[in-house]
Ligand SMILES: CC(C)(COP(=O)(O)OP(=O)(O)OC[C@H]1O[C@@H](n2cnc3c(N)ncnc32)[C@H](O)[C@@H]1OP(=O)(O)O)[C@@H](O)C(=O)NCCC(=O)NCCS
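A lone chain, given as structure tokens: the form predicted alone.
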């Protein structure tokens, strides 16, 4: 039977966007192939994806939505975009053919854009690989590992069901930009998941042109608690960088809680990533590691920059800076006390908790004060304008922990974010 399908884009900028997503999830019966609610609400629009509701306008009830197409960026071909069309069917409606669904959605996209159909409920194919990365066995997972990843995510974050990523995303056909695991003695020790993103051209390019480039949004990185301290996260990120460059992509971005010191040490000091954007209360979820509003730094990893290339070869700094030894650094807060908002030194140090996860569990009131102070400081200091600051490192002073910000000027931008040529 041929269906007459109409695809309508669900407006991610509307006030009822989160509620609309909840209603769609209810109609789809909260199946395990659904992308997490926080990903759909926040990340899907950020990476250039979208959501379409499909209706059979030839049916008796023309207004009933028979399925949903979740479009994930896949590639850019000249002026046109290509998406993975991740389809979810509403039970009780006639089943449309993939070509009917593709055609309906493509009619609603800009001319030339196309979709690649993918039904998440079908059995995914896995193509495992094994690559020695600094002594850690890393690579794409097999089917058994793909199934374990979801359980590991739930164990680490204590996430609700609607906060877990589907196992099929790690398969060969799901269209994700990065799917990696790390193994120790044949046992899953960590995993890394990323999505292609239609990112804006930045800095040295002309942003006013409105052109896009294919980037990678690194969405999920975790290491089993018993395996931490062995360089597994670093090994996964290094392999991600190699594979991303080999695919012709030069930028990776992700978000990180600014108050997690271990993450700051990995991201800024050992990987060479930088942060010049900040989003308060970005994610709506609460879980074991996020008991207060989930503010985030937006990190950028310009893979061909001199700074990142030095870090990836292991020739850069691997440990935190001693802030007391830096005469050009101003500490702009003492714990969760009143912040200094008028610093103009070459570098600033923003104190963060020594153990943010433990603090949230032990004293939620104090954790809220820390979050408020760091939000105010990051909002005041971060940016790419001359005189603003970019987070570039992690620092220590005895038992105290810090984010290190560098003052912006042309030389700093060229050496830290620009290319190596």
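Only a predicted model underlies this, so the values are computations on that prediction, with no experimental measurement involved. Numbering follows the first chain given and starts at 1.
Not on display, but discussed next: the form predicted in complex with the named molecule.
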item	value
Listed range touching the named molecule, judged in the predicted complex by heavy atoms within 4.5 Å, from 267 to 275, 120 to 128, 85 to 93, 137 to 145	267 to 275
157, 232 and 254 all contacting the named molecule in the predicted complex, non-hydrogen atom within 4.5 Å	yes
Partner contact for residue 263 in the predicted complex: the named molecule, 4.5 angstroms, heavy atom	yes
Interface membership of residue 223, the named molecule in the predicted complex, 4.5 Å heavy atom rule	yes
Non-hydrogen atom contact residue 77 with the named molecule in the predicted complex at 4.5 angstroms	no
4.5 Å heavy atom contact, residue 228 and the named molecule in the predicted complex	yes
